[in-house]
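To begin, one chain is listed below as structure tokens, in the form predicted alone.
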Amino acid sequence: MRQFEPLILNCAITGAIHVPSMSPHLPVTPEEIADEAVAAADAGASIVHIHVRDPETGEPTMDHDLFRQVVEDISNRCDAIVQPTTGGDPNMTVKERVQVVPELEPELATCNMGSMNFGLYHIPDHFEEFQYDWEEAYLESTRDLVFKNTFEDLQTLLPIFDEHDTKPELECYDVGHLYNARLMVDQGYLDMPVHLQFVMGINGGVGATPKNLVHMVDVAEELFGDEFSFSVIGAGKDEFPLGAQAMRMGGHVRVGMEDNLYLRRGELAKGNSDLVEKAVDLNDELTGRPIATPEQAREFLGLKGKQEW
């Protein structure tokens, strides 16, 4: 794989998996999301990954005005790479999800590399009541949900990224998604080198185990040789164990309240910056790798540069 000594930390600020009843600290309004992103950047994140929510109910949305408000606010206050999602929530159509690219023309955005079951239906078992009417039904609906990212979808999405000079970060929830990415390279839809993100521990995807992370890297090396880099997401309690392993393997790490709400067992994180700071401290103890600045990350990933608003 491509070697880059500085550790790139990505912080996913709010996501579409957790619902507001799961933590009083989950950012919901545009102001909260932007504030959390800036604080995460100050703590060491060179990339901030952005979803938006209905400011009244906290429900995930792809509202362009909300995205623009959040992205503009963050960009005016810090130098972090602002990375909007094209994943939205698993119930959204591909057409809904991708419009953020032509709308905002970001330097980096996520791109999901395959269809999968995406199960959040177990979460209501741990809560007696919910703050909003939509939350329980939203989670329960994933019992019969396929998160759709077909070959046709990818062949539609990726030219839109290319047209707007937006680099796709390739979200791989299972080993087959790596083969999908290789196929897109072979068919001319993706350029090398690629930046992969292994999303581990989602019900329906690859399990969050050390052996599986080694296997994902091994398969990526077979498919892409020395023309890929990788970052790791460990869902929930696996965020820091897998993150530590990735640091030691020369990879990069995503933390944040999209993926994990807890700073440690039984203690909710009070903000995204808490999770970034923990990752920085862990890296200092385990590897001593320098933390990448946004400009270092931009240069390594080959991004077009910060969008001015």
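The numbering used is simple: start at 1 and walk along the sequence shown. On a predicted model such as this, the values are computed, not experimentally measured, just so you know.
Here the subject shifts to the form predicted together with ligand KMH, a form of this protein not shown in this document.
Engineer: Does Val19 reach ligand KMH in the model of the complex if we count a contact as any heavy atom within 4.5 Å?
Structural biologist: Judged by the heavy-atom cut-off of 4.5 Å, Val19 is well away from ligand KMH in the model of the complex.
Engineer: Is there a non-hydrogen atom of Tyr173 within 4.5 angstroms of a non-hydrogen atom of ligand KMH in the model of the complex?
Structural biologist: Heavy-atom contact with ligand KMH at 4.5 Å: present for Tyr173.
Engineer: Is Tyr189 close to ligand KMH in the model of the complex, meaning a heavy atom pair under 4.5 Å apart or at it?
Structural biologist: It does not: once ligand KMH is placed as it appears in the model of the complex, Tyr189 has no heavy atom within 4.5 Å of it.
Engineer: Since only the chain is shown here, I'm wondering whether His49 would be in contact with ligand KMH in the model of the complex (any heavy atom pair within 4.5 Å).
Structural biologist: Contact check for His49: yes, within 4.5 Å of ligand KMH in the model of the complex.
Engineer: If contact means any heavy atom within 4.5 Å, which of 63 to 71, 273 to 281, 251 to 259, 37 to 45 contacts ligand KMH in the model of the complex?
Structural biologist: The contacting stretch here is 251 to 259.
Engineer: Using heavy atoms only and a 4.5 Å cut-off, decide whether all three of Asn112, Val199 and Ile202 touch ligand KMH in the model of the complex.
Structural biologist: Every listed residue reaches ligand KMH in the model of the complex, so yes.
Engineer: Within 4.5 Å, heavy atoms only, which of Pro106, Pro168, Gly87, Gly234 is in contact with ligand KMH in the model of the complex?
Structural biologist: Flagged contact: Gly87.
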